[in-house]
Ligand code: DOR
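A single chain comes next, written as structure tokens; it is the form predicted on its own.
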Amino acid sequence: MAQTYDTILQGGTLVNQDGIGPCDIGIIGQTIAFIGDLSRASAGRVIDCTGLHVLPGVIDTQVHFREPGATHKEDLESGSRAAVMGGVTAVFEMPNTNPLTTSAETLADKCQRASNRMHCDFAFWVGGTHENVRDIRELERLPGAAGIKVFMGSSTGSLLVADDAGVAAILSQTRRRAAFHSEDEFILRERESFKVAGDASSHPVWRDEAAALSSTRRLVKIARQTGARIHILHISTAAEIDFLKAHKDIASLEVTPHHLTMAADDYARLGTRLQMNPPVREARHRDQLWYGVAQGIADILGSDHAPHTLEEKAKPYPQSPSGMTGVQTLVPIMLDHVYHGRLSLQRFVDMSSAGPARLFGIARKGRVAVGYDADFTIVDLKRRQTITDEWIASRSQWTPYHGRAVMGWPCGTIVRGGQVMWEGQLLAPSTGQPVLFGEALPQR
């Protein structure tokens, strides 16, 4: 009897942990049911992937979707729509919303807002603060929690934990890998005078390499003292790459497409649209980040999607806010780097799918395997396309890559068996659900 599936991905080239090659994939319900030759099988829906590469669903573990709070520039629906339009199947969203995500109640509120409203699957980082230390063991295991996120710099109110004692108190309670924005707040305050009014290129002068390295050194020392696992977000300096390669037993690190793609020379063209925390720096830092990618020091990619309106970004520096869109452009920008030989396609998959699953203990995602969620990012490596503001689905509707031609394009997004996006069209209603984690599964 011929096999029957709900969906078959037919004729594509599968990129997985065991190599790259032609392969069909059978899906039953939300789950991968078979990998191999399905030329004699039947299905209710057959998706022709001839000439395309089928990747495990891309997971972006650092986005800011601004809800609740600043929904005039993004919300969970619009941010997740941008994600799936760019081939991203799951995201981890950040806690600096209003109210802050620092309690069981605010986490549950976000999960309720997101369920069956976000287009991709989701988890939410819970902010670690001086005030919620006693609750951290419970908070990091709640449904929908990606773990604990701490801002050692570049934040305000209770989310800022700048002191070593505060960081140590939080890490003494964590059991999962905790994520950090690592800039030394004390150095940033001392260097305020280095900001030049009206000149965004002074941003990396103010937030210099020493501020990042000092914070990261302090963080690693505290992690060793407390026996904690840490994840350092958006590494931007050569010195941090050189330092962290000796601490891979406890520290994982993320790099972003904008730090890998742009450099300080681009401030002349983009001005405050390039303004991010930590900053885009001189080209030598970008070159060393690529060394970190090539040598396996850098673990994963994250977009740090942090939208603001163009009106807000047009304010003169330093009144202008830091942040740019990025979740929708992560895949095409990195595929273009693959085309230019800066990383292999399998390394991209490791940094965007398998790596996040490995670091954070994501259940049933991160590779193509029977029994796993049927999440796929389907790409055309031979398609040359130009990124434009008009393509951006974020509510802020702009990208620093406007006008940039790339080779390689996301043409399909499948989330748990549902064909969500195909050839630039949103095809299905929102069905997003919380990501599951092995370290936070319900206790027996």
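The first residue of the shown sequence is 1; numbering continues from there. Just so it is clear, the model here is predicted, and its values are computed rather than measured.
What follows is about the form predicted in complex with the named molecule, which we do not show.
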Checklist line | the named molecule in the model of the complex reached by all of 231, 300 and 358, non-hydrogen atom within 4.5 Å | finding: no
Next item on the list: Name the stretch, out of 398 to 406, 383 to 391, 60 to 68, 32 to 40, where some heavy atom lies within 4.5 Å of the named molecule in the model of the complex.
Entry: 60 to 68
Next item on the list: Tell me, yes or no, whether residue 373 is in contact with the named molecule in the model of the complex, where a contact means a heavy atom of each within 4.5 Å.
Entry: no
Note to self: Within 4.5 Å, heavy atoms only: does residue 241 come near the named molecule in the model of the complex?
What the structure shows: no
Next item on the list: State yes or no: in the model of the complex, is some non-hydrogen atom of residue 306 no more than 4.5 angstroms from a non-hydrogen atom of the named molecule?
Entry: yes
Margin query: Is residue 78 part of the interface with the named molecule in the model of the complex - any heavy atom within 4.5 Å?
Written below: no
Note to self: Within 4.5 Å, heavy atoms only, which of 295, 156, 319, 98 is in contact with the named molecule in the model of the complex?
What the structure shows: 156
Check: If you check 257, 323, 332, 204 against the named molecule in the model of the complex, which one has a heavy atom within 4.5 Å?
Finding: 323
Checklist line | the named molecule in the model of the complex - contacting residues of 255 to 284, heavy atom within 4.5 Å | finding: 276, 277
Next item on the list: Using the form shown as baseline, tell whether residue 158 and residue 226 are closer or farther in Cα-Cα distance in the model of the complex, where the change reaches 3 Å or more.
Entry: farther
Notebook entry, point to check: Which is it in the model of the complex for the CA atoms of residue 168 and residue 156, closer or farther than here, knowing they shift by 3 Å or more?
Noted result: farther
